[in-house]
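First, one chain by itself: the form predicted on its own, in structure tokens.
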Amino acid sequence: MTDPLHQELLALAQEAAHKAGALLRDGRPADLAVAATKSSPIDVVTEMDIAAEKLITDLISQHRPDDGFLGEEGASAEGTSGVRWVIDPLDGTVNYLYGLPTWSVSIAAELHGETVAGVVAIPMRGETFHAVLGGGAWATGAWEGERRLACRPAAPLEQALVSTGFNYVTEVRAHQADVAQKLIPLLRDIRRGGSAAVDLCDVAAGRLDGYYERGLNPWDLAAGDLIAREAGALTGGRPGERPARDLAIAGTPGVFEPLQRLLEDFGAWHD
């Protein structure tokens, strides 16, 4: 049995993610306007991104006015309840701008600093992933209903399909490309999807053997990390550390440790 509070938080996250996903999917203008820039001109934040975060925070605040927030687009509040919502209203902004389907809405609920519920909605794939702490990871899709997730069976590293991401700052991205070049001969192949939350869910669903990236923020990781772990994957950062901005890794039990060792040796944790 899972905690009733965890279930309450999950249900609210699901409602918010579905409504934000529908707003983004159905409201995307043909000439998508740029409201601001992030780390470089390549990494843009759109008017729809900001609108989706406002929808999510407004909805949650109506139900739980004492909760805190940490959102990619600026939502920030301490709260007094012990619950904090960690929100990426549009993970995969560049994909969204270009009309590619790999983007998502990611919402996690933390209780006293521990993630206890997470939802990742992927509207253009018709899928939503969710998990509560200790309750397993699940996916819903129009074609199959709800199913429990499990990461892939253990495979040797040389047979592993691994995804990664690249920073939008040119100098940082160049080093990340060097790391990927060293890894490619040691793996089955590498993918670059463009949404950390989607990649973590694909590890949970058995579509990837592993995933790693440097430079992620809490809102990129919170929901997907919980979903991957509840599906049986291992997650972490540098050896002995939790996933962090320096490095985030997720993988099947057979892939995680050798991948982590290689990333440490190749300096994937620094620019």
Ligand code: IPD
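For every residue, the number given is its place in the sequence shown, counted from 1. What you see is a predicted model, and the numbers here were worked out from it, not measured in a lab.
Although not depicted, the form predicted in complex with the named molecule is the subject of the following passage.
- Answer range among 91-99, 150-158, 105-113, 122-130 for contact with the named molecule, defined in the model of the complex as heavy atoms within 4.5 Å: It is the stretch 91-99.
- Item | 4.5 Å heavy atom contact, Gly194 to the named molecule in the model of the complex | Output for Gly194 is yes: heavy atoms within 4.5 Å of the named molecule.
- Query: Would Asp220 count as a contact of the named molecule in the model of the complex, using a 4.5 angstroms cut-off between non-hydrogen atoms?
  - Reply: Residue-level check for Asp220: yes, a contact with the named molecule.
- Message: If we define contact as a non-hydrogen atom of the residue within 4.5 angstroms of the partner, is Gly71 a contact of the named molecule in the model of the complex?
- Response: Looking in the model of the complex, residue contacts with the named molecule do not include Gly71, since no heavy atom lies within 4.5 Å.
- Message: Considering non-hydrogen atoms and a 4.5 Å limit, does the named molecule approach Asp67 in the model of the complex?
- Response: Close contact is absent here: in the model of the complex, Asp67 is far from the named molecule, nothing within 4.5 Å, heavy atoms only.
- Message: For the named molecule, considered in the model of the complex: do all three of Val162, Gly206 and Asp209 come within 4.5 Å of it, counting heavy atoms only?
- Response: None of them does, since no heavy atom lies within 4.5 Å of the partner.
- Go through Leu216, Met48, Ile60, Leu234 and name the one with a heavy atom inside 4.5 Å of the named molecule in the model of the complex. Flagged contact: Leu216.
- Which of the residues spanning 163-185 lie within 4.5 Å of the named molecule in the model of the complex, based on heavy atoms? Going through 163-185 in order - heavy atoms within 4.5 Å of the named molecule in the model of the complex - the hits are Gly165, Phe166, Tyr168.
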